[in-house]
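First, one chain by itself: the form predicted alone, in structure tokens.
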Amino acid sequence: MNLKVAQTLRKIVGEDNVLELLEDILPYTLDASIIYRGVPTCVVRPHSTEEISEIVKFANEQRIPVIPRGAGTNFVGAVVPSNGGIVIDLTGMNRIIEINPANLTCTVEAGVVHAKLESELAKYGLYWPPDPGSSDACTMGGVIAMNAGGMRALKYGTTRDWVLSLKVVLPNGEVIKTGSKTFKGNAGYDLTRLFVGSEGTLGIITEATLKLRPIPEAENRISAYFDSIEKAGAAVSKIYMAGIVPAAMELMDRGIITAVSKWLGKKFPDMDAYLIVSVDGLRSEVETLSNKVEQVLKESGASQVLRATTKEEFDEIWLIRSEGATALPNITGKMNVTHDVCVPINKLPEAFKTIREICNKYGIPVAIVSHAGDGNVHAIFSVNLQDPEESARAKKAHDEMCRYIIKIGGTISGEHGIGIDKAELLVEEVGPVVMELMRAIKRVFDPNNIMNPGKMGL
């Protein structure tokens, strides 16, 4: 690394907070996407917004790319330093600044781990409704930058719906604050929602004020097995049509059921799909809704419907969902490559069927996990990434799947984002005019294109 760059960064963050040696920066060359790699010039570990401001100001003057990074749990290469540059590791900014039960808000730094925040909020009987699957590792800055969703999104919405205010370092090093601590606000353009989901391309989120809710009094989980995934998909719309909005509806297909069965040595019914419906709210309300859900599931063709009545049964119902991602690679002997798309809810049966057909066409084993309640489908490809021919077939299957999803009115990403993975496909979904508008916004914020360049096709 250029000696002047190293010296300048060390003056800002201290001797021990600049990493240059290959063995130190190796973890920062990839993220959970597995596929994408890039070697940073160096990694910097700041501990304040002021330090980040100085780093970015220097990088902008020198035209050095800057890549903000939390835990790297995203699946789309969003924090891979594909153009080299300075990776800014935000995990050291991990303070929960305030929890305000009276206002139902909290303020956190970007490096706070989601599960840690949930644990602290629970002491006040509160929670933050978005629930990313990587809760034990992901940091709030990354959750916000990627607009994470999760299993409760169908009832409560995604991250974008629960962020009130942000502190952001702009690409020129200036620090701004967007939004307010109020639940309503109509003062000018909504820059807060613009930064949420921007994948670090417009600025670095260092602090956020979040909207909270009291933990629901009660929650029930009901599970159902179906002999076809299409029937399970159709049941989702029927539950809504019965006037029920569950907290979550999670679907797993035969591939997941079989893998978990072998992995844990447990016997599950030989079925094509497994649907979990979670309802929450007041205890009396939850019982009424649970009865309705059971009735709809049976009328939809479920062969077995169970309701959890004890803590053990509660956890047992969730077992297939929680162990699926671990079981698959251990059983198949290949890597999981998770792809995220979202379709209109009434298109779920067709989408499940077509995704399987596309993957079968290219000889790529696929297992399906779905946040079915909001149409979000995760197609998990089992791929030998060391085999170029197999990897190429998997890429073709992915692209054909995404183009099919666009054709039926869906989107190429429900919650995982665009990153490097879907940058080329984004223009096919939004069109060239919208793509140019997004690039124009990027140029306004980041005229020198230093902020996470190459992500989202920007």
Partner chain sequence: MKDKNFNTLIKKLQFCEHCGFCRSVCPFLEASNMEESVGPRGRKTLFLSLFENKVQPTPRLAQKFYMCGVCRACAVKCPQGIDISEVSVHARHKIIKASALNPFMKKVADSLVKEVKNGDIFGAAATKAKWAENINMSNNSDTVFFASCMDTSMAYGELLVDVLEKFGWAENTLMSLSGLAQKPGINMLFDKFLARKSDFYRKSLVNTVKLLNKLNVRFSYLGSEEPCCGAALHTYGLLDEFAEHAKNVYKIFKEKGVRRLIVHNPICGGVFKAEYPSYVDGWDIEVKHVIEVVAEAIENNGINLRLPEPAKVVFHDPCYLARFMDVVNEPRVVLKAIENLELIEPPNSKRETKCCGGGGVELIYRDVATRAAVNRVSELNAGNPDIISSCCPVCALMIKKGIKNLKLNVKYIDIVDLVTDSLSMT
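Positions refer to the first chain, counted from 1. Just so it is clear, the model here is predicted, and its values are computed rather than measured.
Although not depicted, the form predicted together with its partner chain is the subject of the following passage.
Asks: Among 428-436, 42-50, 399-407, 58-66, which stretch has residues with heavy atoms no more than 4.5 Å from its partner chain in the predicted bound form?
Replies: Result for this chain: 42-50.
Asks: Report whether the minimum heavy atom distance between Ala32 and its partner chain in the predicted bound form is within 4.5 Å.
Replies: Yes, Ala32 is a contact residue.
Asks: Even though the partner isn't displayed, in the predicted bound form is Ala392 close enough to its partner chain, meaning a heavy atom within 4.5 Å?
Replies: Because no heavy atom of Ala392 falls inside 4.5 Å of its partner chain in the predicted bound form, the answer is no.
Asks: Please run the contact check for Ile176 against its partner chain in the predicted bound form: heavy atoms, 4.5 angstroms, yes or no?
Replies: No, Ile176 sits far enough from its partner chain in the predicted bound form that none of its heavy atoms falls within 4.5 Å.
Asks: Considering non-hydrogen atoms and a 4.5 Å limit, does its partner chain approach Val13 in the predicted bound form?
Replies: Flag for Val13 set to no.
Asks: Go through Gly133, Pro349, Gly197, Gly281 and name the one with a heavy atom inside 4.5 Å of its partner chain in the predicted bound form.
Replies: Exactly one listed residue reaches within 4.5 Å, namely Gly133.
Asks: Please identify the residue among Asn172, Ser290, Asn336, Ser261 with any heavy atom within 4.5 Å of its partner chain in the predicted bound form.
Replies: Exactly one listed residue reaches within 4.5 Å, namely Asn336.
Asks: If you look in the predicted bound form, which residues in 383-412 sit within 4.5 Å of its partner chain (heavy atoms)?
Replies: Only a single residue, Gln386, comes within 4.5 Å of the partner.
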